[in-house]
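Only one chain is given next, in structure tokens, and it is the form predicted on its own.
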Amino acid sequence: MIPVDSAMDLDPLPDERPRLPDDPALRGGVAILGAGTIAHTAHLPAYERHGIGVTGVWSQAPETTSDTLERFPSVGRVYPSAEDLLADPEVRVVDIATPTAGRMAWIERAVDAGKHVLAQKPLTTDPADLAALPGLLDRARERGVRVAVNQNGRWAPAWRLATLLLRQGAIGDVVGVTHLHDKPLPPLVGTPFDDLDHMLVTDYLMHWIDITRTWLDPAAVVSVHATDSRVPGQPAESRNPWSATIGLGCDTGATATLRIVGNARATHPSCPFWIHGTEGTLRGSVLVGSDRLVLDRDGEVRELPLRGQWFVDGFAGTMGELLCAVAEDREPENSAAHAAGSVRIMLAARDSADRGGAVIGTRGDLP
């Protein structure tokens, strides 16, 4: 960690933008397996914007790819089957954007085909999958392939710059992290999200769990508690709670709180966050046009410039990190092994919500 005496000692600021291999030949060979709505609204626009070469796409529902080549002329082809995609020697990386159920099986098939993998988040919601993950990653290493997870929130500009500044010691050791959702929820009623158990805890807040755990590092999360509840004004046909709170405790004494009050009404919606440290504070926000980051240290308050947006640049960030890791023969920051730690925290939060907020986890039980 670089010693920092003031907010100005951080010049030049680290670059929060997605990073790609210098060699254009190493930026391609990507194929999307499960090219549904999120692939067409985020993955493909991000790859097109950042010059990531897409060899082709496949979807289990052919209607979702009927106009892909027209909308994204840089895409090479629409594969008639997943088998054709996995067998294509031009495919280096399989971007698995299928629903969570069954995703681990697709990862196994891609690894067995000798392809690098970027899997949608969350990696899984099944503890049995986590138990089997080390064996799968051993197979991946034997085949010389990397497995990463599309935790694209890590590359939301404000969150990414905060991460890089924390690594430089900008605010000393992290004391606490706080997130608040001061914005409306996305449409939920009648969507597949209504069928997910404790949806806010297990899916929607996964990005917030993951980035918080990243910021707390190297402290280990050793206790988790969570509650979720229905709120006034929530329609009867909405099956999942619209409010959730997750609390994390670390072996260093650092803590974190993630809070969705419900379907918040705000004139200027935002998702503010605070990272308090022993030497200063980072304050910021993400999404709905609220992106910002401020460093408060030693009497200096500095507004930091940001470039890009979570949607869609964050999706280029995750894929770019995997492509760079492959080119540099190293593990990606968003490796499946690292992302599994965030999944364990999420599963503990789900168990806690099931038990009315009981504290889950003891020293050594969580990453």
Ligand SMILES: NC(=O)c1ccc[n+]([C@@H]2O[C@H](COP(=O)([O-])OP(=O)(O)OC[C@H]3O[C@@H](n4cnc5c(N)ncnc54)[C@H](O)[C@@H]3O)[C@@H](O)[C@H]2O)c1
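Residue positions are given as counts along the sequence shown, with the first one as 1. What you see is a predicted model, and the numbers here were worked out from it, not measured in a lab.
Same protein, other form: the form predicted in complex with the named molecule, not shown, and the subject of what follows.
When contacts are defined as a non-hydrogen atom within 4.5 Å, all of T64, W106 and K121 contact the named molecule in the model of the complex. Contact annotation: of the candidates G56, G36, G308, G53, the single residue with a non-hydrogen atom within 4.5 angstroms of the named molecule in the model of the complex is G36.
Proximity to the named molecule in the model of the complex, defined as a heavy atom within 4.5 Å, singles out one entry of T98, T281, S223, S270, which is T98. Of the heavy atoms in N240, none are within 4.5 Å of the named molecule in the model of the complex.
Proximity of D182 to the named molecule in the model of the complex falls outside the 4.5 Å heavy atom cutoff. When contacts are judged by a 4.5 Å heavy atom cut-off, F193 counts as touching the named molecule in the model of the complex. None of the heavy atoms of T212 is located within 4.5 Å of the named molecule in the model of the complex. This chain is displayed without the named molecule, yet in the model of the complex the stretch 36-44 from 336-344, 298-306, 36-44, 319-327 comes within 4.5 Å of it by heavy atoms.
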